[in-house]
Each structure stands twice: as C-alpha cells, then as structure tokens.
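Next up: a single chain in structure tokens, the form predicted alone.
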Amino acid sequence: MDNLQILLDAPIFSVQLLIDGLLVGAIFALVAYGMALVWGVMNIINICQGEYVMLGGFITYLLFSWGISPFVGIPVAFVVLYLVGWLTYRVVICRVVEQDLFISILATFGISILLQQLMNQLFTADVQTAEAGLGTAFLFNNMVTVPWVKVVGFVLALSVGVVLVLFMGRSRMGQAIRATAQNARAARIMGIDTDRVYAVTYSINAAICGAAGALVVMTWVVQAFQGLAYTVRSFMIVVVAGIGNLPGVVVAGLGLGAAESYAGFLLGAEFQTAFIFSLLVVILLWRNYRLRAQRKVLR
C-alpha cells in the first residue's frame, strides 16, 4: 500500500514504470514470436524457449569477458543458436514433430533440463550480466531515467520482427513455411520439403531467442535456471495474441512488460515471478471460458 500511495502522490513514477515496461516488453514479444512460429508451423509448444534465451545471453557474456563488445554478441548468439536449433531438430524434434502435442512437450521439457545442466556446468549457477556502457538518458527534469541499452534493445527487437515479417512474406523459404503451416500434407504434395521447412523454422526460433538473450544479458541478468520465466512469458503472450498474429504478439508483449513493471514495484521484486505464474493461471482460465462460450454458440 505504501508503494501504491507513492504512485498516487508522485505520478512521475508511473511514467518511469511505464517506459521501463514498454522497453523490455519488446524483448518479451521477440521471444514470443519465435514460440508462435514453432507452435503455428510445427504444432509444438517449445518448453525450452527460455533456455535458448539464457544460452544466447551466456554466449554474449562470454564474449564480454574476453573484452569484446556485447553488441557483437547479438549476431554471434543468433548464428550459434541457429546451429544449436538445427542440431536439436535433427537429433530430437524431427522424431516428435508428427506425434501428439503432449509428446513434444515432454521432449522439449527434457531438452530444457539438459540445457540447464549444461549451462550450470559451463557457466556456473552465478548471475551474470554484460555492461553495454551506453549510459542513461534523463527526462522530465531528471525525474525519469532511461538506460540507452533498453532503447537499443527496443529498436533491435522491433527491427528483427520487421525482418521476420519480410522474410515470411517475400522469400521462398518464408512462403514454404506459411504453406506448411496452413496444410503440411498439401505442401508435401506440391513438392515442398516439409522436413527442411520444419528444421529451418525451429532453427530460426532458436536464433531469435539467442539474439533476445544477448539483449537480456545487457538489460538485466542471465542465470542457468532462469529460463522458465521467459518460457512462461512467451506462452502467455502467444495465448493472448493468437498464433500467427504478429501485431497481437507485439501488443501483448508490451502489455506484459508494463504489467510486470508495475507489479514489481507494487508487490516487490520477490513477488514478480509469482505474479507471472499467477497471471498465466488467470489467462488460461479466461481462454477456457472464451472457448466454452464459443462451443455453446456452435451448439
């Protein structure tokens, strides 16, 4: 209640929280778009989504520890995670992509546990961050602070989203991915190599998460067992926005970022993760209510 009173007495704090939430919400939307891509094309809920984000962050941190600018880690993490995604598909995902959705959930959950343990062994369980060194902007008579790294992350996240839209709409592979998402059997009859499409789709998702992880390690911190929170965020955004709805994913991501920013201030940082999981339960109950209402209308 004290924090709520602060917001009422000093509205400028609300501006600070809103700006922070919107800036980081773009990164959430970026990760969620990768999940929506895999879910829509391959009918797989990728439980190891957050682990790919953490791995991209650790790659960027490793470069930073070697004296290399963390911004170099963005393309490096993108490429490395693309290769990791391709390998993961060829070893595991290709065997479950045509199976029941529950089978793919178990498979990707196993991958997430494996990645957590590998990152724990390679990078330890310590919290790591990479200082971008860009400084901070001061607004409204120095009452609001905006770290430039968050602004850069916001712009890069939206830029990657635009590039993905252009790729999906204009490239041959993008058109093949869209055709496979609509009807995989018809796509195979038309001569599309759906196995290759699935491999590229899953690899692109991992690469997007890698680039997002590079932004996360510069904006916040990464830790070997912290990936689940990003998986849950991505799942919530996709459920709210709908599969294949990029504008909806962006709006839902920004909204989640703002809501989480306010929740962290009002409830305390120790309850921020609990807020995320509680919000997931509320969203699932809401979606279930909507689906029941639609079924009653059809009857």
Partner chain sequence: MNVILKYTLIAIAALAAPLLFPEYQIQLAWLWLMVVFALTWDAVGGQMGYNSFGNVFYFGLGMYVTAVVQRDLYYDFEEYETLAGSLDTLPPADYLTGMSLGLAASAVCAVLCAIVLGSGILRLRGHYFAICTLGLGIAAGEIAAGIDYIGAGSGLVTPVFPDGLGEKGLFFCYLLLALAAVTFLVLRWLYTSRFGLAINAIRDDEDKAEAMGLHTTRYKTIAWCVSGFFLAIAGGIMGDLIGFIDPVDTAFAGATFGVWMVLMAILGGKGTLWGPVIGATIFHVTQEIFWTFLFGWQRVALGALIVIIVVFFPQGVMGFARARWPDRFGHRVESVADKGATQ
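Numbering follows the first chain given and starts at 1. Fair warning: this is a prediction, and the values are worked out from it, not measured in the lab.
The protein also exists as the form predicted in complex with its partner chain; that form is not presented, and the subsequent description refers to it.
> Although its partner chain is absent from this view, report whether Gly110 comes within 4.5 Å of it in the predicted complex, heavy atoms only.
Taking the distances in the predicted complex, the answer for Gly110 is yes, it comes within 4.5 Å of its partner chain.
> Consider Gln121 of the chain shown here, and say whether it contacts its partner chain in the predicted complex, taking contact as heavy atoms within 4.5 Å.
It does: once its partner chain is placed as it appears in the predicted complex, Gln121 has a heavy atom within 4.5 Å of it.
> Though only this chain appears here, would Arg196 touch its partner chain in the predicted complex if you measure heavy atom gaps against 4.5 Å?
Close contact is absent here: in the predicted complex, Arg196 is far from its partner chain, nothing within 4.5 Å, heavy atoms only.
> Would you check, heavy atoms only and a 4.5 Å threshold, whether Arg95 touches its partner chain in the predicted complex?
Arg95: contacts its partner chain in the predicted complex.
> Work out which of the listed stretches, 39 to 47, 22 to 30, 255 to 263, 63 to 71, brings a heavy atom within 4.5 angstroms of its partner chain in the predicted complex.
Going through the listed ranges, the match is 39 to 47.
> Report the residue, out of Leu134, Ile103, Val165, Val79, that has at least one non-hydrogen atom within 4.5 angstroms of its partner chain in the predicted complex.
Flagged contact: Ile103.
> If the criterion is a non-hydrogen atom within 4.5 angstroms, does every one of Leu228, Phe235 and Thr273 touch its partner chain in the predicted complex?
The answer is yes: all three residues contact the partner (heavy atom, 4.5 Å cut-off).
> If we check its partner chain in the predicted complex, which of the residues in 276 to 291 reach within 4.5 angstroms of it by a non-hydrogen atom?
Contacts from 276 to 291: Phe277, Ser278, Leu280, Val281, Leu284, Leu285, Asn288.
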